[in-house]
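Only one chain is shown below, in structure tokens, and it's the form predicted alone.
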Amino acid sequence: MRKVLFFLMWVPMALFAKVNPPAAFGPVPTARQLQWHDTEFYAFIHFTTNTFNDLEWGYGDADPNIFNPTEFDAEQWVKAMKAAGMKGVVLTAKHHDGFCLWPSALTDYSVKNSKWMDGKGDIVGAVQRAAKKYGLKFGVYLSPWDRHDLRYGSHEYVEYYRGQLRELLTQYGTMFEVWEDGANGGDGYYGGLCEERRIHGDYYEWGTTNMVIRELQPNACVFGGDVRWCGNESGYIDEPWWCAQPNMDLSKCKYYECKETDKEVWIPAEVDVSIRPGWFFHESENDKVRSVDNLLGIYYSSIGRGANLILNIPPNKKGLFNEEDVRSLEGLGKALKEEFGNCLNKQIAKAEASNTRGEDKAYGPLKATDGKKDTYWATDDGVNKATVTYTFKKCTTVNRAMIQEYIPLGQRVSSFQIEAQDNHGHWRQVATGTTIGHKKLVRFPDFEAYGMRVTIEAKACPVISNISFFQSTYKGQQ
């Protein structure tokens, strides 16, 4: 017994101490932002009187009776979204023309005064129910600019807008996102006055207005508050891309057009792009629907760079997704399964890292390949560059890779390199990149590999929740 005690006295106490996880680095996402990140890919739906007038921006003077989608089928929409691999839908409940797709008690300019279903229909309700039935998240876009309403430009209109928010956020279940934009007025119908109205400064009083969302839908991300625009409508974010951004006083501005402070906050990017040239349906664009290859490229340059993708799909005058759009959506879903359906992590026989936090298996390289999003490979504090090596059980064809940071502890990685080992034991570089964040997807030519090596360089000790390798069989589809 004395010999045992004597031995224990000489064993370093660090071997018995629990290894602490890394501290957070920089700003970190909120709980609602983490849920939003996991949603990744969802639909945007633009549908109003514009659809029937063949317009992009309605003036606000259209007769409500022109809105009559005689074959409207929300489930047809949702099934096509599901087939594409989407996890949610954001419906334009009101665009700039002011026409409401729900029977609002606050205005007569809505579906309740249309020919459709004798005024008894509710597009918002139907889409929300279909989304719930098929397991998709639901959100709404409510345009702050209203070219129809006489009150626009006055404080009375701002109260009306908040009332519309309250209707939508209390009558249609849980929402994951509320979409607003920076539309600041212009020419419009405005109750028949047909004039130009410009608003300035904090007309919408966003700080107070968005308190309605925070109160009624606390888990919903606000586009323009929790989430920022990517800066284009072409389907990509630039690289490098950091979620950490200078803090702004959101009670006094929109889209971060006001003075920065020293503090940084987590504000990720959302890529908004349409499957057609326009945001609303136009018969003349039926031959201009994006191909599967084009959509897949957008997927890689948005979700594959750490952003979320909101893809607009405009219903036609019948109230259905057109067959060309459905074909591309179904083709995209099939392509994604071919791209990522064959994960090679099960072929890994051995994993090594140049550094593992505290030499503890709880932070070892296999934690990045175990398929669990809450485990991760991490290094010791101060070790900002490290390499992890995976050896396959046998020679394997590899052509795709996915890397994800454990973003609850912040975004750290500034660059990475992926190498593959050939049958002579030589390492060949197959891909390089900069920032990672929520997700990085990379494509490279087929490589017959005996092993894969990933080198990470970061601003603080790397914390990597997922490293996956794939063998894609996708051959391209126009």
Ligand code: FUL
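Worth saying up front: this structure is predicted, and the values here are computed from it rather than measured. When you see a residue number, it is the position in the sequence shown, counting from 1.
There is another form of this protein, the form predicted in complex with the named molecule, and it is not shown here; the text below is about that form.
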Among the candidate stretches 375-383, 358-366, 90-98, 317-325, which one is within 4.5 Å of the named molecule in the predicted complex when only heavy atoms are counted? 90-98
Listed residue (M402, L216, A244, A183) with a non-hydrogen atom within 4.5 angstroms of the named molecule in the predicted complex: A183
Can you work out which of E239, E195, E156, E233 has a heavy atom no more than 4.5 Å from the named molecule in the predicted complex? E233
Counting heavy atoms only and using a 4.5 Å cut-off, do W57, W179 and W279 all touch the named molecule in the predicted complex? yes
In the predicted complex, is there a heavy atom of the named molecule that lies within 4.5 Å of any heavy atom of D272, even though the partner is absent here? yes
Tell me, yes or no, whether Y141 is in contact with the named molecule in the predicted complex, where a contact means a heavy atom of each within 4.5 Å. yes
Consider F44 of the chain shown here, and say whether it contacts the named molecule in the predicted complex, taking contact as heavy atoms within 4.5 Å. yes
